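Next up: a single chain in structure tokens, the form predicted on its own.
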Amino acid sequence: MTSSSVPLPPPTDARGLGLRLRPWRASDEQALAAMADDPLLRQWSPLSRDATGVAGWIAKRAVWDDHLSWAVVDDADRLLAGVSVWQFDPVQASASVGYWTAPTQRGRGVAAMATRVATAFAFRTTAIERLTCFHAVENIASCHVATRAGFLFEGTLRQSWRYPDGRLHDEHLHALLRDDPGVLDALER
């Protein structure tokens, strides 16, 4: 049993839609540190910018105690994106998904495809029935990712999350249900 009170699988690869999602490892530190100064990642992600912060971020995500988290890599094991399923709530049978994309991969559909694979994995390996995705209203690219990954827009939450700029931002809420059409199709068996 995990600290989230939701039994989670051990860290493992997930494949689908031509992507490989693999658990984070220490060897990802250099590539992630190089991306950490990207203006969009700085704007929306709480990732620490120094080497200690990046190493700690990776170490936390490599252990699946209350989340599922992957590095999205290409065939040469180059870092393309990251995706996590977190905030597991066993009573409500729900969790949330988050994602980000390397600057060189934006606009290619990588985040949406990785999110589809991650959500299919989460639905197949845990008892959750609902996944949510929240993003700042101003983060239009994230809205496109959520929609392309199959999440339906459910509304706007006013001043719901404090982003790295220190301000509370309005957020869009999107959700996906286990029995929505095509949800499990993205994951290779």
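All values reported here derive from a predicted model rather than from experimental measurement. Note that residue numbering follows the sequence shown and begins at 1.
From this point on, the text means the form predicted in complex with a small molecule, which you will not see here.
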> Is there any non-hydrogen atom of F121 lying within 4.5 Å of the small molecule in the predicted bound form?
Replying inline: no
>> Can you tell me whether W57 touches the small molecule? I mean in the predicted bound form, with a 4.5 angstroms heavy atom cut-off.
In response: no
> Can L40 be called a contact residue for the small molecule in the predicted bound form at 4.5 Å between heavy atoms?
Replying inline: yes
> Contact between R130 and the small molecule in the predicted bound form at 4.5 Å, heavy atoms?
Replying inline: no
> Thinking of the small molecule in the predicted bound form, which stretch from 61 to 69, 121 to 129, 145 to 153, 26 to 34 has heavy atoms inside 4.5 Å of it?
Replying inline: 145 to 153
> in the predicted bound form, does each residue in the set R106, G109 and A141 place a non-hydrogen atom within 4.5 angstroms of the small molecule?
Replying inline: yes
